[in-house]
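Next up is one chain by itself, shown in structure tokens, the form predicted on its own.
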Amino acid sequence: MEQTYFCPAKINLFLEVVDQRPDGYHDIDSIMQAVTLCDTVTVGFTAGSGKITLTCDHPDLPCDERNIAYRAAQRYLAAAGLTTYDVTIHIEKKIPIAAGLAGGSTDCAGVLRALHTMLNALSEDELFDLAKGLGADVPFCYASGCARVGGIGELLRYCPSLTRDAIIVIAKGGEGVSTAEAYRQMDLPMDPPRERLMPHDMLRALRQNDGGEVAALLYNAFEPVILPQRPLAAHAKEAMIEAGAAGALMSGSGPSVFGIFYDWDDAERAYNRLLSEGYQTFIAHPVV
């Protein structure tokens, strides 16, 4: 038996880093939006001995326990007590790696969804507990759509998605960003101290289907820390604004940047410019 899923990337319309927890992780307050830039994950199972085989069309993606999608299959089989099945996973990558777009987390969620569909060996609560234990973005990627996300990613409250007419241009330069290092820099003292924001205005704009206001309210607490160190990301944001984006923002801890457009010619102009400058560039729409 085999299941194939399209696994959407996510962008952060709003991202605030709240506090560092005793366990070293950070609580966040974020609004995440799934978009139509997708990986394709195919999962199969047969009778066997618990062997997991993962393949991928991207040469830089590890295909063993280092891959969160591999660990998802391991933990599902262990939690369900299914030691007499072999699982195969094949990932076709379109979402850039280490880009702030939850590419690994969405593949992981796709594996969980596929195994749950085929085997139905765990309750929804048990499945959600698995997702929480695998990674901060996995619960949202399993849920998809648009949601306000709290805690370390395990607290989800659905909210209205971006309007269907939104055109999202996504660009990633060659720079890498370590999520752990980004959080470490957020913990350094700032003078003056950083003001923490709440997403109430953004939530109201989403409820009112006011795409222009959503674009005007885009916010990411990591930007002042990361963009000065990542000139390609800073340039991509500037290029999108110059092309006519209603708003542009870095996603997650970067370095990907997205712009929200409501005019196709403007979106295409930004896409073509950034593509010609060597960025990995994509055009997507909200998953609603």
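The first residue of the shown sequence is 1; numbering continues from there. All values reported here derive from a predicted model rather than from experimental measurement.
What comes next is about the form predicted in complex with a small molecule, which does not appear here.
- Relative to the small molecule in the predicted complex, residues Ile68, Ala99 and Ser105 are all within 4.5 Å by at least one heavy atom.
- Taking non-hydrogen atoms only, Leu232 never approaches the small molecule to within 4.5 angstroms in the predicted complex.
- Using a 4.5 angstroms threshold between heavy atoms, Leu227 stays clear of the small molecule in the predicted complex.
- Taking non-hydrogen atoms only, Asn209 never approaches the small molecule to within 4.5 angstroms in the predicted complex.
- Ala239 falls outside the set of residues with a heavy atom inside 4.5 Å of the small molecule in the predicted complex.
- Of the listed positions (Arg75, Lys93, Arg148, His116), a single one reaches within 4.5 angstroms of the small molecule by any non-hydrogen atom in the predicted complex, namely Lys93.
- Between the options Gln185, Ser123, Thr179, Thr83, the residue in contact with the small molecule in the predicted complex by a heavy atom within 4.5 angstroms is Thr179.
- Proximity to the small molecule in the predicted complex, taken as heavy atoms within 4.5 Å, picks out 58 to 66 from the listed stretches 23 to 31, 58 to 66, 45 to 53, 242 to 250.
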